[in-house]
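Only one chain is given next, in C-alpha cells, and it is the form predicted on its own.
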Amino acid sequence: MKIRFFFYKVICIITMASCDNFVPILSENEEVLDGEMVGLTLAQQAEFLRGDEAFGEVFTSSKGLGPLFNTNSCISCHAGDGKGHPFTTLTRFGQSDNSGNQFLNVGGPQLQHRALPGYQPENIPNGATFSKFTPPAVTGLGFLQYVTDEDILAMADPNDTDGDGISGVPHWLPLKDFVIPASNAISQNGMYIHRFGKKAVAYDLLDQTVGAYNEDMGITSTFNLIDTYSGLSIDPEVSDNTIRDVVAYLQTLKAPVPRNQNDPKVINGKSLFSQINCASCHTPTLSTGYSPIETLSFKEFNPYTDLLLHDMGGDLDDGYTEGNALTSEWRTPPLWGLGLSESTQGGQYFLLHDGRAGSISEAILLHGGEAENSKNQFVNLSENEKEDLIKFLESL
C-alpha cells in the first residue's frame, strides 16, 4: 500500500498532473487485506491515499509522541492492515464491576509501557484488574460502521427467548463530547449502541481513531486534548484533517475477499459452521443502511459477526471490564480475513482477544458460556469434519 502511494505521487510529479484528478489503478488481491474498496469518487480516492500515508506516519518526540506511549505509528500495530502480534498487544486495566474505571487518575484505562528518555513507563496499579488486547485487523470497518442500530437490536436476544442458550446484547454507552450520532441512531436513556473494540466501547471510527492516537501514541488532538502523562489539557499535536483522513481510510478499506469458495471441503465446512450453531453469534451476512459514502450505502456483506456482547465463559474471563460489559462478555469479532491472519502475525496465529490461541481449533476450544454448546458439537465432529470446518474458516 505504501509503495503504491509512492508511485502514485511520482506519476503525478513526472506528468505534472494534479493528483486530485488522478485515479490510481485498483487491484483486487484476495491474498492481502489492504486495498481500497471499489466505487470511490476522485475526492474519496485522494482522501483514502492521504489517510493511508497518515496511517503509516512514524511519530517522534518532536512530532508529539508520548512522553508515555505503546507504539509510534498506526501501522506498527496493524501491519498490512491485519491483526497484531503479542509484541504489539496492549494492556487495559481497571476493575471487575461496571461502576466506571476507578484508575483513570493513575493512567487508566490503558497501560503505556514505553516512555521517552527521562520518563518512566507506567505500571499496573495495586488493586487493578487487567486484560491483554491484541490489535485487530482494520479492513472492512466502514461496512460495520453503517450497520443500522435497528438491525443490531434485531439480532439481540437478551432474555434468550428462543431458548438456544445465546443471549447477545448491544453495548449501550453515553457518547463522547466530540461524537455525533448517526441520523438513524437509536438511543436509550441517553445512551447509544457502541460497536468497535474488544468490548464494543467505541461508537464509530472517529471515536476509535481519536482514542488510538491519544492512548496508543500519546498524541493529542482537538477531539481529545488531555495528555496521558500529566492528565492536563495541552495543545493539539495532530491536525483535525489528519484524524479525519485516517477515519476515511479506515472507512474505505476493502472488505476481506473470501477464497476457495468452490472447494468441496470449504462448502461442507460452511454447512457445518451453521449446523453446530456458530452462525448464531458469527452472523454470516449483514447489510449497511445509508452512508454518505455511496459505495457503502445499502450493501450486503459477509463479516461473520453480530456486533453484540456475549458471555464467553470462565476461560475468557479476565476479571476486567469496560463500560457496562461484564468481565466475561466480549463483542463477537468478525471472522472475515481470518485465514490471512498468519501473514500479518509473523507466520503463525495469535487468536482471541489477547492472542492466547495458537490455532483456530484452540480458539474454538476456549469458547464457553453462550458458545459452550457449539464448542461441544465441534468436539464431537469427526476429524474430517473438523478439518473441513477449519478449512472453511481459513477461506474467509
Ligand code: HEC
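Quantities reported herein were computed from a predicted structural model and do not represent experimental measurements. Residue positions are given as counts along the sequence shown, with the first one as 1.
FYI, the form predicted together with heme C isn't displayed, but the following is about it.
> Just one of 155-163, 117-125, 89-97, 289-297 has heavy atoms within 4.5 Å of heme C in the model of the complex; which?
Replying inline: Contact-bearing stretch, as computed: 89-97.
> What is the one choice in Cys281, Ala248, Ile193, Ala325 with a heavy atom within 4.5 Å of heme C in the model of the complex?
Replying inline: Contact check passes for Cys281.
> Quick one: of Ser221, Thr148, Asn268, Ser73, which gets a non-hydrogen atom within 4.5 angstroms of heme C in the model of the complex?
Replying inline: Only one option qualifies, and that one is Ser73.
>> How about Leu65 - does it come within 4.5 Å of heme C in the model of the complex, if we only consider non-hydrogen atoms?
In response: No.
> Do Phe143 and heme C come within 4.5 Å of each other in the model of the complex, heavy atoms counted?
Replying inline: The answer is no: Phe143 has no heavy atom within 4.5 Å of heme C.
>> Since only the chain is shown here, I'm wondering whether Glu36 would be in contact with heme C in the model of the complex (any heavy atom pair within 4.5 Å).
In response: No, Glu36 stays farther than 4.5 Å from heme C in the model of the complex.
> Should Lys254 be classed as touching heme C in the model of the complex when contacts are defined as heavy atoms within 4.5 Å?
Replying inline: The answer is no: Lys254 has no heavy atom within 4.5 Å of heme C.
> Going by heavy atoms, what in 108-142 lies within 4.5 angstroms of heme C in the model of the complex?
Replying inline: Heavy-atom contacts to heme C in the model of the complex: Phe133, Thr134, Pro135, Pro136, Ala137, Val138, Leu141.
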